[in-house]
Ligand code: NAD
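In the form predicted alone, a lone chain appears below as C-alpha cells.
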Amino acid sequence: MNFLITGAAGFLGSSLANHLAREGHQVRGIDDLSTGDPQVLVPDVHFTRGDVSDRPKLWTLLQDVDVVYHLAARVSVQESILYPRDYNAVNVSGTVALMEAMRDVGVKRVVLASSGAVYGDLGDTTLVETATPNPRSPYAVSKLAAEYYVRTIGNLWNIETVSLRIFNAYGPGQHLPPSHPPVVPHYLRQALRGGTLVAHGEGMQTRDYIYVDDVVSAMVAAATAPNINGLVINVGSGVETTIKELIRIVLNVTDSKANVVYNSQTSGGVSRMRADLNLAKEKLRFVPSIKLEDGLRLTLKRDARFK
C-alpha cells in the first residue's frame, strides 16, 4: 500500500514509518522537524521537510496514497498551558488543512493519532470511548477538536476516518526536551545518572503506559480494518500503574539507588487513567503484548542514549 505519515520524524511517526517500509509498503513522510529527527528513518521512507498546513506540498505528497496517518502535533500538556494558541494552530488548523488536501486529491482514509488526555479526570473508572470527555489542558482540547473535525469533515466529504486515543506511549527514541520531558525516559535517565526522581503529589496517580511497538501494531491494523469509519478507539495497555510503582520498576531495571522525592506542593494531574480495550480488541484485533517492566528493559537495550 501507499502511505503518507505526517509527523514522520517524531517518536511514534518514525517507528510506524520504519515498520511499514520494512513490510514493503511505499511510505512518504512529512515533518517540520520542530522535535523530530529524520536520521532515524530507514532509507526506504521518502521524507520531506514541511509544514502540515502547506496544502500545495500536501497535494504532491498525497498523490496515489491509500491511507494517511496524521501524527503531526505538538504534544506537551505543560507547554500547551503556556502556548495554547500555538497548539491550536498546529493540532487543530493543521488537521483541517490536511483534511482539505485529502478531499482535493481524493484520498479515502485517515487514521488520526489522538490522545487519552481528552478524557481528563473522570474519577475511579476505566476509560471507555463512550465516556464524555473532560479535557483539562489546551493540548487535550486540541486533540478532541481534531477528532471532531476529522469525523465531521470525513462524513461530509466521504473520507473514512478513525481516531486512536493513544495513552502514555513510551519506548526507545522518545523525545527528551530540556523542559517538561515525558516521565518514562526522564526517570530512566535520572536513575542511570544517579539523579533524583521527583514525583508530583503522593505518587498515587495512575497512568496507562503502552510500549511503542504495541502502538504501532494498533495503528497498522487501523489502516485496513473494516467497519471502523467514524470511530474513536482507545490504544493502551489496559493496565493502570501508579507513579510510585513506575519509580519502583525504573529503579529495579536500572539497578539504581537514585533518590526519590515526593513533592506534595505540586499537582499530580489526572488521578486515574486506564484504557478500556474492548473496542480495540473487537475492531482492530488489538491485544497489547509488552508489559511495562519488559518495555522498560527493551527501551534501555535499544536506545543508545541509555548505554
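For clarity, every value in this text was computed on a predicted model and none was experimentally measured. Quick note: we count residues from 1 along the sequence shown, nothing fancier.
The discussion below concerns the form predicted in complex with this ligand, not included here.
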Is every one of 119, 233 and 268 within 4.5 Å of this ligand in the model of the complex, counting heavy atoms? no
Of 237, 114, 80, 161, which one comes within 4.5 Å of this ligand in the model of the complex, counting heavy atoms only? 114
Going by heavy atom distances of 4.5 angstroms or less, which of 259, 60, 278, 34 would be at the interface with this ligand in the model of the complex? 34
4.5 Å heavy atom contact, residue 139 and this ligand in the model of the complex: yes
Could you tell me if residue 20 has a non-hydrogen atom within 4.5 Å of this ligand in the model of the complex? no
I'd like to know whether residue 284 contacts this ligand in the model of the complex, with contact meaning heavy atoms within 4.5 angstroms. no
Heavy atom of residue 12 within 4.5 Å of this ligand in the model of the complex: yes
Which among 162-170, 183-191, 128-136, 99-107 is in contact with this ligand in the model of the complex, heavy atoms within 4.5 angstroms? 162-170
Checked 35-55 against this ligand in the model of the complex; residues with a heavy atom within 4.5 Å, sequence order, are 35, 36, 50, 51, 52
